[in-house]
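So this first bit is one chain, no partners, the form predicted alone, shown in structure tokens.
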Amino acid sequence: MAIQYAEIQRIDRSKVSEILDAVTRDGCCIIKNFTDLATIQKTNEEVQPYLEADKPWKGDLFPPETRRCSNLVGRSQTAREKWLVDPLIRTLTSHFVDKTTTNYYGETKHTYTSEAICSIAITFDIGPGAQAQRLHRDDKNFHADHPDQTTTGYQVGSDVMMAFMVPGVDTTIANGATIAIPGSHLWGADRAPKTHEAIPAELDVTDCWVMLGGLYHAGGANVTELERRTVHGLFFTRGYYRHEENVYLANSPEEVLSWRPEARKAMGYELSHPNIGFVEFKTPLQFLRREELGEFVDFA
């Protein structure tokens, strides 16, 4: 018999093991008290000029009433220093997205871990009249395989990405809160999602919506007359995949070198071990600093 989900789990950020269990079971949850109001307000202020300058999307990926601020990490110092490097996000991406493998180089056994990086960071601002998205999986860009896990249970490591959405305003059914199908991360590739299976993930300011890349979800319809639904998103994938947004071209070397080391690492400016991402046999940061070739990571 299929599991029936009455609601999406809401768990305080202090209860890390419960969050891990919820994401394993449901593919998603709402993290309570993820951030604070001052951080939300500051981030909203930093992205506002870019939202106002955005042009309507031509196509069906986003409703035309949507405004976007891409390159969120580069444009919002607050999002970069508060959320990108948040220890809880790192704990979750380490558990669900990092990839560790072992192999022999000659007769010496090596173990490598490719840590998760932020593939894209973007603010969505959805205005009145916006229609709902179609239900989809975010990992489609990475051609992820989806074996049926409904009988075996979830296998950690089967997802290649996960997302964190921090609301800039309270999100409600009326203004287009995300809808999702808890448990759909277990479905095989041949099962289609149905709208009646999805339930809303309403968020209070200071919450965070977290989901695996294999979870079926969609942005809801904004049926209000005046409300705009603003959500700041950070999407992480395995370090050996390409970024969804090319941050290397979006930010100057001078800007990147001014970031905290943890932020640069999270955005992929270090190697994915053992060898992915070097420039002239230097790490990206060595290259940006114009360092001479010296000691380097062992290419084994």
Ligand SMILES: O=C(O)CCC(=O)C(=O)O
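Source: prediction; values computed, not measured. We number the residues from 1 along the sequence you see. By rigid core we mean the largest C-alpha set that fits within 1.5 Å across both forms.
This protein has a second form, the form predicted in complex with the ligand, left out of what is shown; the following refers to that one.
- Taken together, I126, D138 and G219 are fully in contact with the ligand in the predicted bound form: each brings a heavy atom within 4.5 Å.
- Though the partner is left out of this view, R229 does reach within 4.5 Å of the ligand in the predicted bound form, counting heavy atoms only.
- Though the partner is left out of this view, T178 does reach within 4.5 Å of the ligand in the predicted bound form, counting heavy atoms only.
- At a distance threshold of 4.5 angstroms between non-hydrogen atoms, M165 is in contact with the ligand in the predicted bound form.
- When contacts are judged by a 4.5 Å heavy atom cut-off, F62 counts as touching the ligand in the predicted bound form.
- Checking 111 to 119, 151 to 159, 94 to 102, 130 to 138 against the ligand in the predicted bound form, the stretch whose residues place heavy atoms within 4.5 Å of it is 130 to 138.
- If you fit the rigid core between this form and the one not shown, you'll see the Cα of S70 move by less than 2 angstroms.
- Once the cores line up, the CA of N275 ends up 2 angstroms or more apart between this form and the one not shown.
- Relative to this conformation, an increase of 3 Å or more in the Cα-Cα distance between F281 and K99 is found in the predicted bound form.
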